[in-house]
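Shown next as structure tokens: one chain only, the form predicted on its own.
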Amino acid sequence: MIKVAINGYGTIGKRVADAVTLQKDMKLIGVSKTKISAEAFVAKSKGYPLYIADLEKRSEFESAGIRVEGSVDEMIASADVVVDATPGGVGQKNRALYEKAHVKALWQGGEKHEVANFSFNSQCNYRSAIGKQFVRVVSCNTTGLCRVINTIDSAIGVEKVRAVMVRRGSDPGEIKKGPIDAVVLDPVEIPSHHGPDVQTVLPHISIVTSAMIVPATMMHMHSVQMDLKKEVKTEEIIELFRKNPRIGLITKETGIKSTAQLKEYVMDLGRPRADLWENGVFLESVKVVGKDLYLFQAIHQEADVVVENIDAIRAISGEVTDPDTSIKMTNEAMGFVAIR
């Protein structure tokens, strides 16, 4: 059993913690919080051992009825792998803790590539991550781009990618961010950071990205165009997507043409937290004209990296060396069958 600790029990951390508990080859040994919050009470209700960075706050937690097992340092020392799900920028500071404890660790896409010097995607470079001490799981948008690009590039070949990210303004539970009534260029200049981030995983791919933030919370939307190395039929592309266990196809028969409707659909399917772990590719948007491929895809910012974290844990632990095997193990444990 791989002993896993979650340092940072927030939007991503709480999802990864739940996913770890479902895996037959992993054991969740603890999660961490810096202050009392609703999520701390959730951890308590689920029986997750809770650790804190500052033990001087122990009485505050325990006065609120939340048992504290010990310090974050103690949690780290007991782990085989630490999943750092702390806010962007904080994880870099934690690297020294993991080095001191001689523990393997993985970070999220909010950190820069240099935090681990290896950026991970299950379907693109799993084998290269085997046995590494540190890896970074790329962001939700980069994960979504890597999945569709690698799927097409591996089978057909991709000359160039152009993608526009229409980004949600904040997560649904976040009340301190906007915009409220604006579309914000993020950034104004082109390319956005997403293209260079894809190249940390797929360095041979020529890609230019741009991005904007809109007043929405449900998901991101991508408009993707790829220049292919040869002419193919649209049906060939769709069949490649159908075979990918982490690409879902949304058909017009469902009546779904928005991220809100897609989130509602996934919730009605009974997914935990209405999470969309796969790329939500709109089937009727997939079109090949000559050597040009076009598509729209929805990316759930809170969820698609969760399954990638689980695979990354296996890769750096070295227990499973085949990416397809790990992906299947992860998906089956979570009861995850991609929308078709």
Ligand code: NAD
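In case it trips you up, residue 1 is the first one in the sequence shown, and so on. Only a predicted model underlies this, so the values are computations on that prediction, with no experimental measurement involved.
Form predicted together with the ligand: not shown, discussed below.
None of S317, Q23, N331, T11 but one reaches within 4.5 angstroms of the ligand in the predicted complex through a heavy atom, and that residue is T11. Interface residue among V184, M267, V90, A77, judged by heavy atoms within 4.5 Å of the ligand in the predicted complex: V90. Taking non-hydrogen atoms only, K104 never approaches the ligand to within 4.5 angstroms in the predicted complex. Although the partner is absent from this view, H222 stays clear of the ligand in the predicted complex, with no non-hydrogen atom inside 4.5 angstroms.
In the predicted complex, at least one heavy atom of D171 sits within 4.5 Å of the ligand. None of the heavy atoms of D197 is located within 4.5 Å of the ligand in the predicted complex.
Contact with the ligand, judged by heavy atoms within 4.5 Å in the predicted complex, is confined among 34 to 42, 290 to 298, 58 to 66, 270 to 278 to 34 to 42. Residues Q108, G109, G110, E111 are the members of 106 to 124 with a non-hydrogen atom no more than 4.5 angstroms from the ligand in the predicted complex.
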